[in-house]
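Single chain ahead, written as C-alpha cells, the form predicted alone.
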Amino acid sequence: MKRRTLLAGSLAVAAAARPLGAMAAPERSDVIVIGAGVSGLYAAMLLAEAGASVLVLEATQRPGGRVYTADHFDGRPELGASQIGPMYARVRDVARQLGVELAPGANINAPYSFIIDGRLISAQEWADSDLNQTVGDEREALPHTLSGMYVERRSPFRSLTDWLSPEARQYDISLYQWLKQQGASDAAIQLIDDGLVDPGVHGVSVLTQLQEATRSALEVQAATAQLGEDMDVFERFARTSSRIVGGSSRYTEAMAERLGDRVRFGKAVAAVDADGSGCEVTCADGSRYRSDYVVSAVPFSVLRNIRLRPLLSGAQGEAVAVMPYGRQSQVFMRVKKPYWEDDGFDASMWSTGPITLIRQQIDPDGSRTQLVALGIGRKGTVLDRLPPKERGQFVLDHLAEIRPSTKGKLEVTGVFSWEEEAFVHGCRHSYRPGQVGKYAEAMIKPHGRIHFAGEHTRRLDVGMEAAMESGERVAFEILERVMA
C-alpha cells in the first residue's frame, strides 16, 4: 500500500506538469486500456486505485472477454472461464472486495464413456478392448488421461519459473517429439492428438504444456491422491476449484461496475498512434482519445487487426502476427430424460469422432439437465462450417447414431463458437514448437508507450489468474515509469 501511495503521488506530480491545453482536452486520460476482459479490467482497477485517470475501451456491449455466462441459453451455461482455482489469490481477493460470492466446485461433469472408431465402450471395458491398440502401461490409462501420463507425470519442472529458464529451451519442441522421446506408442499419440485443442501434436510446443501442467499440479497436489488418476487434470482441477455464484459474468460485471463510466462499450479500436508525447487511440466509429500510455489487453488475434504506429518489429511483431489461437465450437443441449439410465454407460463421452467431448453437467444441486458437445481444434473447424442450426442438428443425429439411447431425449438450446466472435477469434492462445524461446520474453515488452496484457502474456499462472497476473504487471510497469 505504501508503494501504491507513492506511485499515486507521482501521478499527481506528472499531471500537474502537463500543459494546460492538454489537461483540458476532451477524453484525455493517463491510461487507455483496450479491452474489458479480466486483464484489462484489473489493470484499470489498480491504476485507478493508484490515482491514475483511466479509460477502458471495449468493442462489444459487455465486459468479460472470454468470461461469458450465456444468460440467454437454457441453464445459463459458461461459454468460457468457469473455474476459480484454489491458488487464484488475485481472483479471490477481488471477489471478496467486490462482494462476488464463490461456492465450491466448478464445471463438474459425469464420468466418461468412450466413442472409439464409431463404437461406444465403457471405461471398465477399455483396458481389454480390441479397440485399445496402446501398449504396456498405456493400456490401463483411459484415453483422455494419456496426455497427463506423458506430460504431467514426466514434467522435469518443479517451480513455476522453470519453463522460462534458458535450460528449458530444450523442451521447446513439438508434443509429438516429446511423446516419441518418452516412448509413447503410435496408438497413444493418435489418441492424444484426437483430444488436443489446437493445433495437433505436431503443431504445439510441449514447453507451454509443461508450464500449465506444473501450475495445475501445484493446484491439485493435495487432492490428487484422493481423487485418483483415472481423471484428467481438468477433472481434478474442477473438483478443487470454486465457481462464481450466478455465473462467471457476474465477476467481470462487478469489476466494470466498480470502474463506472471509465468503461466505454461499443468502442472497437482501429488504430493506436504513439510518439514521445503520448498516444492517440482511434475507434472504428471515428471517436478519438488521448492518453500518456496504452494497455493492449486483447488477444493477438484481435491486436493484429489494429493499426499500430510505430509498427511492432522483430520477435514481438512476429508474435502478434502469427501466434495461433485454438478453436472450440460448442453445442448446448437440454436433457429431457436421463439417457444413461437406459443403456448403463457413463453419461459424458470422449470421442475420436467428429465431436471431441460430450460433457454431461452435474449441477451443484445434483440436477443433470445440461449437456454440451465440444468440437475442439480441427474438429471445431469442421463443425463451424455448418450454419448454427445445422450444427446443432448434426450433433443430435451423430449422438443418436452412436448412442441410440439419446434419441428424442436431447434438445439443442444454443450454439456458440469462439472463433466466430469478431473480437476474440479463438478460445485460447498456443505456442508452436520453438515459439516459447523466440517470443515469450519479447512479446510482453512495452512498445514505446504501449504495454501488453492478457492471459497469453502469462508468466507463472494459468486461466483467469494468469489474466489477473498480467493486468497487475502492466499496471505497475506504467506506474513505475511515471515515478522514474
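Every value quoted in this text rests on a predicted model; they were computed, and no experiment measured them. The first residue of the shown sequence is 1; numbering continues from there.
Although not depicted, the form predicted together with a small molecule is the subject of the following passage.
- The small molecule is not shown here, but in the predicted complex it comes within 4.5 Å of a heavy atom of Y88.
- Interface membership of H451, defined by any non-hydrogen atom within 4.5 Å of the small molecule in the predicted complex, is ruled out.
- The closest non-hydrogen atom of A59 lies within 4.5 Å of the small molecule in the predicted complex.
- In the predicted complex, at least one heavy atom of E455 sits within 4.5 Å of a heavy atom of the small molecule.
- With the partner omitted here, the stretch from 185-193, 397-405, 315-323, 265-273 that lies within 4.5 Å of the small molecule by heavy atoms in the predicted complex is 265-273.
- By the 4.5 Å heavy atom rule, the three marked residues L142, A373 and T413 all fail to count as contacting the small molecule in the predicted complex.
- Screening V67, V436, L55, A50 for any heavy atom within 4.5 Å of the small molecule in the predicted complex leaves a single hit, V67.
- Listed residues Q83, S113, T214, Q360 were compared with the small molecule in the predicted complex; Q83 is the one with a heavy atom within 4.5 Å.
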